[in-house]
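One chain comes next, on its own, written out as structure tokens in the form predicted on its own.
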Amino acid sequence: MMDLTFTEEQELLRQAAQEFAETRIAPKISEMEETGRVNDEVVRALGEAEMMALTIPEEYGGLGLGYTARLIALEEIGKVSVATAMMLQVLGLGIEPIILAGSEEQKQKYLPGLASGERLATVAVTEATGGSDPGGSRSTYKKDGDDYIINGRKVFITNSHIADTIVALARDEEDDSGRAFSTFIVEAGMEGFKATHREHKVGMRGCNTGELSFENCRVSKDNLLGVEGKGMRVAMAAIGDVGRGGMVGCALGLHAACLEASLKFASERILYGKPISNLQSIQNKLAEMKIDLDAGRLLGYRAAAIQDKGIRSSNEFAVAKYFTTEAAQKAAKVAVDIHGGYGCMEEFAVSRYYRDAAVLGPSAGTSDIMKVIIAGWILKPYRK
């Protein structure tokens, strides 16, 4: 039977992440909301607190604490700022392909800087043709001597304008099958690479999203990540196990914040001489929020525990990602309902939660795509 209680080390990490979020991130939320920009002080603080180092092996300057630890940190940070949790989760997503498929030289070159926060990472897979179909990618590469030339455009890329280490997926333009994809480590400043358009999202305004352009971008053969032609496997393994796992942490944090804000408001809001928490209809809403939060935690931490054993958990994370992001969106709506007219006022955090929740669903795979993945998983034994 799987034990999902936190170890002493994990509980200490939870407390540290909670304190970090409340002291280093919370004071910057208003500024991030007003500007819509990533806060440089928050980024530096994340590096100083080793929040980017959690899954990186110790021999490369990381903490090697694993994926349950990462989920704990993301949930606690997400309670205060899901935008910052999203930024952090994508930093981890950009790191994972190098851990999974990087050569020793690549690991020595990139991972120490990524662990300390001196480098910032992202993954560039999604294109205008649809993030749900990475196989339809139109970005291409071709060999040119000892180099590769990449051309294409990536959209909806989190950390697009702050990342200096980009794991990019492209298709071999000379392969007639259209199935040969490779991943490359592209560095900001390389000729032909540029971060272009910045998106203006309805929520998660302290987390940068934008477009990346590759125009005859020349990349050394030393920056090929993994085996040429097998890059789709690298990219999708990172997204399935780490990207979706990170979204679970973001969703749990937002959900917990919605519940906490609703409990506090319902206990303090007086109607007809009594707190509205005395009303059974309000109690039912609060109870459902708690039930969904606990169920989501069980699904998410189960998947992370499997991953920490070295077992692929992309299917389990698909289940957890679907449930937790849907539940968080529901919780945000209920939180606004409980607050009544106050829920529509910007000085109440639930209005931000409601906007932030809208970004959870499509990130790292829509809810409909999660159901496609889950159905394929459970039907596999029955297919001949």
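Please read these numbers as outputs of a predicted model, since none were measured by experiment. So that there is no doubt, residue numbering starts at 1 and follows the sequence shown.
The form predicted together with a small molecule exists for this protein as well; it is not shown, and the discussion that follows is about that form.
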Review point. So which of 238, 186, 125, 87 reaches within 4.5 angstroms of the small molecule in the predicted complex, heavy atom to heavy atom?
Key: 125
Practice item. Would you kindly say which of 313, 139, 209, 182 lies with a heavy atom within 4.5 Å of the small molecule in the predicted complex? Key: 209
Exercise for review: Please check if residue 368 has a heavy atom lying within 4.5 Å of any heavy atom of the small molecule in the predicted complex.
Suggested key: yes
Check your understanding: Is there a heavy atom of residue 376 no more than 4.5 Å from a heavy atom of the small molecule in the predicted complex?
Key -> no
Review point. Looking at the partner-bound form in the predicted complex, is residue 359 within 4.5 Å of the small molecule by any heavy atom?
Key: yes
**Study point:** Contact label in the predicted complex: residue 158 to the small molecule, heavy atom within 4.5 Å
**Key:** yes
Exercise for review: Please determine, with the chain shown alone, which of 267-275, 100-108, 116-124, 222-230 has non-hydrogen atoms within 4.5 Å of the small molecule in the predicted complex.
Suggested key: 116-124
Point to revise | Non-hydrogen atom within 4.5 Å of the small molecule in the predicted complex for each of 79, 262 and 343 | key: no
